[in-house]
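Taking the form predicted alone, here's one chain by itself in structure tokens.
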């Protein structure tokens, strides 16, 4: 068997579709899954001690370049809880972070992904504080060069050096050029080549300060293809891509790329894959009622999120799948999926990719993952919350389509009341000036001003009782 180029069908055959463990598969040149020992019975924090799962083994994938045994469940550190400090400023709830990190490590999670821009610049510091209480060889740190606003060498170097200080480490296991793809070759050159940062980072990798150098991608196919042409020059150790059962075949072809294409191109080059947005910012964990009903009919005991995680984990080139777990119950539910992990069968993959994806395609949602990259808006608009409220109403069946709809008046009032409760009036879509300051920062390439104006027109028609025609609100 050519273990370097094993395909997914052979992977499933060797792994089995249920009882056989994936750890039996020896994939010397792919991200081969292996197992840890049993999960620890006690964590460090109070919450950890109270809720430790007693059984199960975390699924590990081997990075063939380093031998790193990486947990298939990775911790995305972009959405931790915030609280007000003594001066009324938003700050990360460090005690909560400590408890979650302790619990995750106790159950075999060892890959933690941060960035200088996450949580108003506080993510790296909070993660570093939590991880510093554990042996350095018990986890892998991933962070990024997020030099969007200051592309100078001095600014980029400061960001790079600050990451070491905030994360309390002398080396970075996985380092990413953050959010490539928008702007193509010109933007890549401005951010990393003209300022000498690529040459510097290559030397840092050679010296061991960076163990693996890669990038996170958001953009079109031609931009992705261009970045792959640089593989011979820079040797990307890994790539982080958006991959889930919706984006597998249904990504916006003009500004984003179907994940099956991304996966296949990376698989051909034997480049390990880190998956972001396996739940589409939580939307696949809270889908429309019709989707949820189909999934529950198929397996009443499986969580909705587990379907999405099992999808990405069923592909052998995936090294780890990131989840931004805010609450302990989210972490516990995900652990149940990744401990004694079972890949999806070919029939189950077809079920998600056709039946479920086709149902989702009927609903006019906005492809927002609540990453907050568009914030803050200079005019105070709460863009992510506006989009979340809109999508939630579509998903839960309370979206008002037209005046002929059953229970039209009840749904109309409910939408308007819930909108005011979810988003304060001064932060609603009506205040958008179409300045477009937010547009370059959206990793989903959403035309944010257009969508805000569309929602505002929709709300105004609801208020006036003049809604007619399409459910899109146009």
Partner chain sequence: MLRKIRITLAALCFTAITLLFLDFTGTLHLWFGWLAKIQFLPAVLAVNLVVVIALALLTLLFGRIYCSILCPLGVFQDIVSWLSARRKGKKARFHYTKEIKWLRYGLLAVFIVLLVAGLNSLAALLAPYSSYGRIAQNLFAPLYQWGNNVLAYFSERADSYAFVTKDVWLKSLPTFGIAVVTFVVVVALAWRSGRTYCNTVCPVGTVLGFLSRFAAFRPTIDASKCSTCRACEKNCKASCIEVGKDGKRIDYSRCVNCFNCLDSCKFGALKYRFAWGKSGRKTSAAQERDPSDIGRRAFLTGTAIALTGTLLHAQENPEDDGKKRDGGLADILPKQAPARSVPVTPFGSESIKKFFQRCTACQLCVSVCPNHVLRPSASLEHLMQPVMSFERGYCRPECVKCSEVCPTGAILKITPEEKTQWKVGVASVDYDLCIVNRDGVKCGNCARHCPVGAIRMVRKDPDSQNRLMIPTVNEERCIGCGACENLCPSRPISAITINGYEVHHTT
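Just so you know, these numbers come straight off a predicted model, no measurement behind them. Positions refer to the first chain, counted from 1.
Omitted here: the form predicted together with the partner chain. The next part is about that form.
Mapping the unseen interface onto this chain, residue 65 falls outside it, with no heavy atom inside 4.5 Å of the partner chain in the predicted bound form.
In the predicted bound form, the partner chain sits within 4.5 Å of a heavy atom belonging to residue 382. Using a 4.5 angstroms threshold between heavy atoms, residue 464 counts as touching the partner chain in the predicted bound form. At the 4.5 Å threshold, heavy atoms of residue 91 stay clear of the partner chain in the predicted bound form, well away from it. You can rule out all but one of 365-373, 315-323, 185-193, 219-227: in the predicted bound form, only 365-373 has residues with a heavy atom within 4.5 Å of the partner chain. Note on the partner interface in the predicted bound form: the residue among 119, 201, 241, 344 having a heavy atom within 4.5 angstroms of the partner chain is 119. The single contact residue among 155, 397, 378, 208, judged by any heavy atom lying within 4.5 Å of the partner chain in the predicted bound form, is 378. Within 4.5 Å of the partner chain in the predicted bound form, a heavy atom is found for all three of 426, 436 and 456. The partner is not shown here, but in the predicted bound form the stretch 393-414 reaches within 4.5 angstroms of the partner chain through a heavy atom at 413, 414.
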